[in-house]
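A lone chain, given as structure tokens: the form predicted alone.
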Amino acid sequence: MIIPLLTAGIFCSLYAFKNNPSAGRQIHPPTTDPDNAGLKLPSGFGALVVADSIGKARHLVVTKEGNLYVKLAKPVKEKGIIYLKDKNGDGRMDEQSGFGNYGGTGLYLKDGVLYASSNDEVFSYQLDEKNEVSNQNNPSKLITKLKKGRQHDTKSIVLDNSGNIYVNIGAYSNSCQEKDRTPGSPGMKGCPILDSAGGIWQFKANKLNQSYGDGIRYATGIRNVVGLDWNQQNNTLFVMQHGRDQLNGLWPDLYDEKKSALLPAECLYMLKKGDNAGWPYIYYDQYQKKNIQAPEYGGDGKKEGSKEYINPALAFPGHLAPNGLLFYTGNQFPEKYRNGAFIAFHGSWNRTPEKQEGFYVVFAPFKDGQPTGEWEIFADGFAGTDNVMSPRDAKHRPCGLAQGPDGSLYVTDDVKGTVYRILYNGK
């Protein structure tokens, strides 16, 4: 899908920022980059780089003043959370500081509290009247001793409106084989991994030093989640699952390379308490439009899985690696985007012999809290090339998403540490 780049100068200054005291000097929206920061966007949209080279930027939040907190996968100079401010009102971040000497992905802002995760703990920081952290060196430890392994160890987080925090605990396995990622190895009976991983756990957002015994396994059978968000229309948790790998590499008699490159789907799930999405026993086939029994548990690529497992709300092509999910509630973008979902696809590594795919942000419209079933590429060009054969070929890889107080969309990149801002000013 090719979308022509917008020409420079299309963005006239038409509106003032709302709810942004620090933007008193910034009467008009910022000037977008002449090449829209290298991105391909729909007509009427433009983009600019607001920060660069800050580290491996994962999830982020935007304060009502328009300042940014960005979580880094690995600390830079003992700072795992970067705080960015626009001091001169030009829309670009020109002051940087940081705190939190731990890596990770999760970051969430709600009711004057900043929540952040390492790969095995979750912390909270109090914000002052300027939405700046007042206890940088003394955060509250909310959750501790969470399971982590050599894969899928990020702990993405989100809050509901009832004082609960939800934490992804990814499965430290591809498909719960007796010997992980070993050709022909069967799946472990009863998959013991699911006792402490492979799902979403619910904890209290204001209780200290919680661990598994204090929480609830809210939903299970979910291999790994990086992107998740709370839908305000239907007051429900949505998550994007990273689907399993290596169907051909592990079961070559059942799947050829092309099928393995395309399957299984990356799935958007709407989760209720007690839901089971079926990992490792099934995967979702977007072509057959049903849950298929996993080969580790007796499947042959056609046998349908148990009806006890939920179906996805929406299915995307395989292996795109969804790392960010955001429900858009702003007014800046055209009406079609309101309450719909933006999803940042980090990009694949295992679609050989096909070229690698993803490395873009997509939009999926919603109606009454449910996806309509359609989706489209919204922002492309992060990779810097249309021919990505290896993830190393991608110059940038989108990861986190956040909405600014004026309705702008922010996107992080965890390759070069770039933060993008996307605006609309079309007709």
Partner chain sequence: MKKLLLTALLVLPLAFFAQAQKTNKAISSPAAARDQILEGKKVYSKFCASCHQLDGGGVPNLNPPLSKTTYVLGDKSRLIKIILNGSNESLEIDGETYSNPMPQLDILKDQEIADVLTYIRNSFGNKATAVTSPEVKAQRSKKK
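Residue numbers count along the first chain shown, from 1. This structure is a prediction, so every number in the text was calculated from the model and none was measured.
Another form, the form predicted together with its partner chain, is not on view; read the next lines as being about it.
Residue contact with its partner chain in the model of the complex: R392 places a heavy atom within 4.5 Å of it. Its partner chain is not drawn, but in the model of the complex it has a heavy atom within 4.5 Å of W349. Although the partner is absent here, D160 is not a contact residue: none of its heavy atoms lies within 4.5 angstroms of its partner chain in the model of the complex. Although the partner is absent from this view, K74 contacts its partner chain in the model of the complex, with a non-hydrogen atom inside 4.5 angstroms.
Residue heavy atoms within 4.5 Å of its partner chain in the model of the complex occur in exactly one stretch of 209-217, 289-297, 179-187, 88-96, and that stretch is 179-187. Proximity to its partner chain in the model of the complex, defined as a heavy atom within 4.5 Å, singles out one entry of G112, P353, P192, G274, which is P353. The listed set N131, T144, Q246, Q232 contains one residue whose heavy atoms approach its partner chain in the model of the complex to within 4.5 Å, identified as Q246.
Shown here without its partner chain, the chain has only K56 in 36-58 lying with a heavy atom within 4.5 Å of that partner in the model of the complex.
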